[in-house]
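Okay, so here's just one chain, in structure tokens, the form predicted alone.
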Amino acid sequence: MQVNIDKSFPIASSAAAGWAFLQNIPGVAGCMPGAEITETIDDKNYKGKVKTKIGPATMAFNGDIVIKGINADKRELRLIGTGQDTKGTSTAEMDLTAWIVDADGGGCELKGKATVTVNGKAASLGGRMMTQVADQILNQFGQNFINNVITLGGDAEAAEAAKEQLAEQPKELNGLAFAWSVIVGFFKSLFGKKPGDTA
């Protein structure tokens, strides 16, 4: 199963600060609750893991991150991440391109495009639910990325507030919360339709 994702996050900080943080692979990985770099092989190859909790059950993925290209002129980074859950029932691959652009009126934006391919047990979620869950996860990632950049290049007051938010971020992906938001979103779309709308 394959899911395509296209996201953009405005950041109240300079493009230079955004680009500096985007190149910090362990720091970027740390923006995802439950994810961490466990080994740095060299400046282009890393090993990592992601842990998620769904109710009483916990799933863990081990994987590799390969930096495919860094373009300083475009402030662009491309990487491929592959992983397998520790029980061997699911595999996942993500091909991600992320870049920083100047924003109108000051600040910058983090933009990203990714293709996520999932096989095995995890693919049974279905394309629609996978997309919604991925969207929730990336929104949390984006907020953490923003806060990290602001601590580097924001004003003193904004930087202090960003540090406080980072300190309060969950340390583990809560799949139950993501699943609940997906259910809520489904019912909103179901009952929010106007007369005459089709599925």
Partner chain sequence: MATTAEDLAREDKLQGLGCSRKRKEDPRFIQGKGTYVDDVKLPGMLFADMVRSPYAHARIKSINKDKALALPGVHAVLTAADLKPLNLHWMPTLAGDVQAVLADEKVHLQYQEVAVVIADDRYIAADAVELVEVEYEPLPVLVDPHKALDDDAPILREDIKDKDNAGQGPRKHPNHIFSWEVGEQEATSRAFDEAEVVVKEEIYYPRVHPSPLETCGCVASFDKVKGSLMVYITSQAPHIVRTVVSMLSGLPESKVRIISPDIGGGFGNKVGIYPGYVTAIVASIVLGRPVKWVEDRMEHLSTTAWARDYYMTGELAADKNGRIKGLRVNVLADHGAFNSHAQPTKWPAGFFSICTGSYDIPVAYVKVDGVYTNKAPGGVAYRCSFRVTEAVYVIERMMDVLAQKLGIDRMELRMRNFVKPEQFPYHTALGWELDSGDYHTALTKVLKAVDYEGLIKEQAEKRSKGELMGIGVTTFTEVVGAGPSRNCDILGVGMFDSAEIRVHPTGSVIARMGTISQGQGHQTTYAQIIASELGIPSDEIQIEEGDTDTAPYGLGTYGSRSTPVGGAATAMAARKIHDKARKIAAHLLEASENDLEWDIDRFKVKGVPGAEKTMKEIAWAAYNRPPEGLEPGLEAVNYYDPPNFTYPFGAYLCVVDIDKYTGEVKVRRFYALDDCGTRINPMIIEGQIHGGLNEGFAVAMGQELPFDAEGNILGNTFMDYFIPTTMETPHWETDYTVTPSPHHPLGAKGVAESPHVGSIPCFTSAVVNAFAHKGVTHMNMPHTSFRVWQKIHELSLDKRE
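Not measured: the values here are computed from a predicted model. Numbering follows the first chain given and starts at 1.
The same protein also has a form predicted together with the partner chain, omitted here; what follows describes it.
Looking at residue 74, you'd find every heavy atom of it more than 4.5 angstroms from the partner chain in the predicted bound form. Remark: residue 5 does not count among the residues lining the partner chain in the predicted bound form, judged by a heavy atom distance of 4.5 Å or less.
Proximity of residue 118 to the partner chain in the predicted bound form falls within the 4.5 Å heavy atom cutoff.
Looking at residue 88, you'd find a heavy atom of it within 4.5 angstroms of the partner chain in the predicted bound form.
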